[in-house]
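Next up is one chain by itself, shown in structure tokens, the form predicted on its own.
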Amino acid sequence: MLNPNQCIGDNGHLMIEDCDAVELAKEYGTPLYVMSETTVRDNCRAYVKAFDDFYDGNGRAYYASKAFSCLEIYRIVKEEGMGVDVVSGGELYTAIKAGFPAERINFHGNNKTPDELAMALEYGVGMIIVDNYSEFDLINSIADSMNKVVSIAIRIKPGVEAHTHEYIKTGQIDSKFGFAIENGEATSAVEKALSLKNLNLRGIHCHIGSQIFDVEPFVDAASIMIDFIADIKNRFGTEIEELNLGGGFGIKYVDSDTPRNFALYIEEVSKTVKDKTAHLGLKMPFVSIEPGRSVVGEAGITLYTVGGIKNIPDIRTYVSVDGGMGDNIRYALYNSEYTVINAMRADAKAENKVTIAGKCCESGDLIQENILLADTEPGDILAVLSTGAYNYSMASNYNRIPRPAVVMVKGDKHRTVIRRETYDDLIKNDI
């Protein structure tokens, strides 16, 4: 289950790159998020190379920064030549403060506020992805007041349902995101966009879901979107310049997960895009995608210190840790599977069935249930793998627990990129 930048050291400890996870826990405290910079950069480079190989550079991967947003991750993604997509004023502000080029930022969201949109126009973001009818008039009005013409894309629901969790399906008609093709919404949205003088309809966008292992749903979505581009040209005499096919590529959380190589998705989709545009007499659009989880997910681990261990005979054994749903809400939300190992005995056989419990005052505060773990005692360090995506992003201060630090490692070097919150941080906005 360990990825290429993780291994077991001679002392039996889990290593992330060349750093001992147990020693990191001692130095920085727990709970602790640890990110492998090498893994993040390798994933960015794989996406950049795939676009060079299969689209001759006529496209771009935009890092979906909702997966993990901080100054340092935007700096890394910038250096690796990717774009970013943001879904809030906070993410946009962070990216700009990190020095990210505004023209390589796409702004998403199903209910962007006037203040957020004004900020996006002031910064000069590359594109705003429009999600609902009222947003057309709002953006047009703000752009008119600034004497600007804004490049937009329209988010489309292609009607493709991917095999993923119900809460993270987004391509079907019953979704809060975008305009459906089959009921005519999408065509009406295009007509609306073309009628407004301060909007430049440059692209269309879709996203069918997250944590998808199959290639076929992405190919199907691309085919449908190319057909829609042809329909737009036939109806309105306008040819769409950019096709954004979203993200959703799955990663490995447990041994049973079977993710494909990122380049395979891109290669297969590129064949469909090229073949269909040629067949329909369309210009080859600038193609973009939005990987998030697949850039940072497997780069991260979370370290915890074991506290109490409670054995309920013939029921279960609870192993309690010093974190929980405040730093990993995904099990409570989605029953998300994770691999958990004892970082101090990473080479030991996992043969004890346990439930990993958090410290929050909630019965549902669990990290994993009924998993196999090596012999574990109070004071041991547990590592939950593949927590680089959404764990810090979704962290909270429930029970007034400070959020953990994030440490970035590269080789045998390590540094804090997000400091641990203090109790003073918890009350700084109180009056």
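Numbers follow the displayed sequence, beginning with 1. Just so it is clear, the structure is predicted and the values come from calculations on it, not from any experiment.
Absent from the display: the form predicted together with a small molecule. The rest refers to it.
Undergrad: Only one of 178, 203, 324, 291 has a non-hydrogen atom within 4.5 angstroms of the small molecule in the predicted bound form; which is it?
TA: If I apply the 4.5 Å criterion carefully, the residue I get is 291.
Undergrad: Go through 334, 236, 286, 93 and name the one with a heavy atom inside 4.5 Å of the small molecule in the predicted bound form.
TA: Checked against the cut-off, the match is 334.
Undergrad: Heavy atoms within 4.5 Å of the small molecule in the predicted bound form: which stretch among 182-190, 248-256, 76-84, 264-272?
TA: In short, 248-256.
Undergrad: Counting only non-hydrogen atoms and a 4.5 angstroms cut-off, does residue 106 reach the small molecule in the predicted bound form?
TA: Judged by the heavy-atom cut-off of 4.5 Å, residue 106 is well away from the small molecule in the predicted bound form.
Undergrad: With the partner left out of view, is residue 302 within 4.5 angstroms of the small molecule in the predicted bound form by any non-hydrogen atom?
TA: Residue 302: no contact with the small molecule in the predicted bound form.
Undergrad: Looking at the partner-bound form in the predicted bound form, is residue 359 within 4.5 Å of the small molecule by any heavy atom?
TA: No, residue 359 stays farther than 4.5 Å from the small molecule in the predicted bound form.
Undergrad: Is residue 342 near the small molecule? Define near as a heavy atom within 4.5 Å, in the predicted bound form.
TA: Heavy-atom contact with the small molecule at 4.5 Å: absent for residue 342.
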